[in-house]
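One chain follows as structure tokens, the form predicted on its own.
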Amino acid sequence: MVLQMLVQIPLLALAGWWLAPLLTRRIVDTFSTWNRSGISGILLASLVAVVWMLPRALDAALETSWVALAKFTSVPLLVGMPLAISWPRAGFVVRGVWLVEAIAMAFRLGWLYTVSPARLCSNYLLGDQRQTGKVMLAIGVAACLLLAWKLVWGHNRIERVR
């Protein structure tokens, strides 16, 4: 469960991020009116990512080949690419809200997976679920510390993409 949820899916999103610069300027400009300040692209990426955090979707991706294909195409194309295109366009507040919500989601899901007495994913053992919960809680703590360090000692360079 840790490998699928916390390694495979983030790596697929990262692949989409890396593929975004290969898009032609014409494609990016087509969506720039729809995604002027990056909010639409970040919202799209968030909604698709939430679908792949659901235990039912994780189970279906292991059991059904067309759902696995949907995961392998939707995560890079609808999570990684929109984030890569939208992140530079987003302002400081939009980025901050998204980061705080991502950290809160890690804490919520980590807590849920850790304390749930029943298996939420039928393809994984209860021990795998609890291990995933602990790793998600650790990711949440590390992200909080990193964000606090960046806010206190880092440089907040705000770039505007026109």
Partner chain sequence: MASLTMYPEDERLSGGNRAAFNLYIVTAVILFVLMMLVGLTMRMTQARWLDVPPDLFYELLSMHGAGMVGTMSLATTAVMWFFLRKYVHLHLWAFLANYVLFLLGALCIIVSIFVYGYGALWTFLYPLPVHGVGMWTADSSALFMLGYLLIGVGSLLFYLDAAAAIIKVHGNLGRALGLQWLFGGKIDPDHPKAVVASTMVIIANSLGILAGAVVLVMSLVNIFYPQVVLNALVAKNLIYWFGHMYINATIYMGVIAIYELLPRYTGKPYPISRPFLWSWAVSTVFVVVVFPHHLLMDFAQPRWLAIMGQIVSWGAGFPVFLVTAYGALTNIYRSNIRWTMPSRLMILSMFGWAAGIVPAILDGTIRINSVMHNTQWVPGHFHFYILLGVLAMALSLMFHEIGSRAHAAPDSRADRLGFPVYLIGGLIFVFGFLDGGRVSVPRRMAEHLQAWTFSDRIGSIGAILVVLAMLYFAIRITVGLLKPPSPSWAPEPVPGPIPEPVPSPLVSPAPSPGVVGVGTTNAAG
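All figures in this text were calculated on a predicted structure; none of them were measured in a lab. Numbering follows the first chain given and starts at 1.
Just so it is clear, the following notes concern the form predicted together with the partner chain, a form of the same protein that is not shown.
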| item | value |
| --- | --- |
| Interface segment, criterion being heavy atoms within 4.5 Å of the partner chain in the predicted complex, picked from 123 to 131, 40 to 48, 95 to 103, 24 to 32 | 95 to 103 |
| 4.5 angstroms heavy atom contact with the partner chain in the predicted complex for Leu112 | yes |
| 4.5 Å heavy atom contact, Arg108 to the partner chain in the predicted complex | yes |
| Residue contact check: Cys144 to the partner chain in the predicted complex, 4.5 Å heavy atom | yes |
| is_contact(Ala138, the partner chain) in the predicted complex, heavy atom dist at most 4.5 Å | no |
